[in-house]
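As a starting point, one isolated chain is supplied in C-alpha cells, in the form predicted on its own.
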Amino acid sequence: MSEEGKISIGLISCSGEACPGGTISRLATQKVLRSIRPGYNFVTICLPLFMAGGEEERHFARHYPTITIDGCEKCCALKATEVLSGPVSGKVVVTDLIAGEKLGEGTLATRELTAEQKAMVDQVAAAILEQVDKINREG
C-alpha cells in the first residue's frame, strides 16, 4: 500500500521487438501509466532485468500484485514471473484480444501506427485497467 492508500501494482510488459503484439503491449502499458492513470502507484518492471536476476524486481513481484502484459501466446512475462516470483494477480495477452492476422507480422514502427493499431493499443490498455480494477476490488 502506498502513502496515498493506493495499492502498489507491478506491470511487466513483453520485451519482444520482433512481434507486433510486443510493441502493442508496451505502448498500452505506457498509455496506462502516462495518460489514463498518471500518478497511480504503478511500478513498471523491466522483463529482461527481472529474468537476468534483478532481485529488487523479483522481490516486488513476490510481495505486491503484479500484472503481466504479453504480446503473444508464448507468454514469456507470465511464465518468467510465475517461475521467479510466484503467481501473478492478473494477466493480459495481446493475441487473446486481437487476432494474429490483424496484428500482422514483423516489427511495428511506433511513429507510423495506423488508426487500427492505435485502437489495438486502446483495447489492450482497457484490458490492463480491468485487471487493475479487479485487484483494487479484491483488495
Partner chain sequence: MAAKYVILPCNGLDKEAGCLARELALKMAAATGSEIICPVLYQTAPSRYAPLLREGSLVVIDGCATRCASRIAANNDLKIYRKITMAEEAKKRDYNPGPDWRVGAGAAAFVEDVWRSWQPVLREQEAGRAPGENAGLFAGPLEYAIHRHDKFIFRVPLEGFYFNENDCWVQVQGNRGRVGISDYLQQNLSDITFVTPPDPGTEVEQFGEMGTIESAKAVYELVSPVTGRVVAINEAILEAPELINENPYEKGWIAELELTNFEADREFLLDGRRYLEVLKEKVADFNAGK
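It should be emphasised that the depicted structure is a prediction, and the values quoted were computed from it without experimental measurement. Positions refer to the first chain, counted from 1.
Omitted from view is the form predicted together with its partner chain, to which the following refers.
Discussion item. Glu116 versus its partner chain, in the predicted bound form: is there a non-hydrogen atom within 4.5 Å?
Written reply: Output for Glu116 is no: heavy atoms all beyond 4.5 Å of its partner chain.
Worksheet item: Looking in the predicted bound form, any heavy atom of Thr95 within 4.5 Å of its partner chain?
Response: Looking in the predicted bound form, residue contacts with its partner chain do not include Thr95, since no heavy atom lies within 4.5 Å.
Item to complete: Although its partner chain is absent from this view, report whether Arg62 comes within 4.5 Å of it in the predicted bound form, heavy atoms only.
Response: Output for Arg62 is no: heavy atoms all beyond 4.5 Å of its partner chain.
Fill in: Any non-hydrogen atom of Ala99 within 4.5 angstroms of its partner chain in the predicted bound form
The answer is no: Ala99 has no heavy atom within 4.5 Å of its partner chain.
Worksheet entry | Heavy atom within 4.5 Å of its partner chain in the predicted bound form - qualifying residues of 59-74 | Stretch hits: a single one, Lys74.
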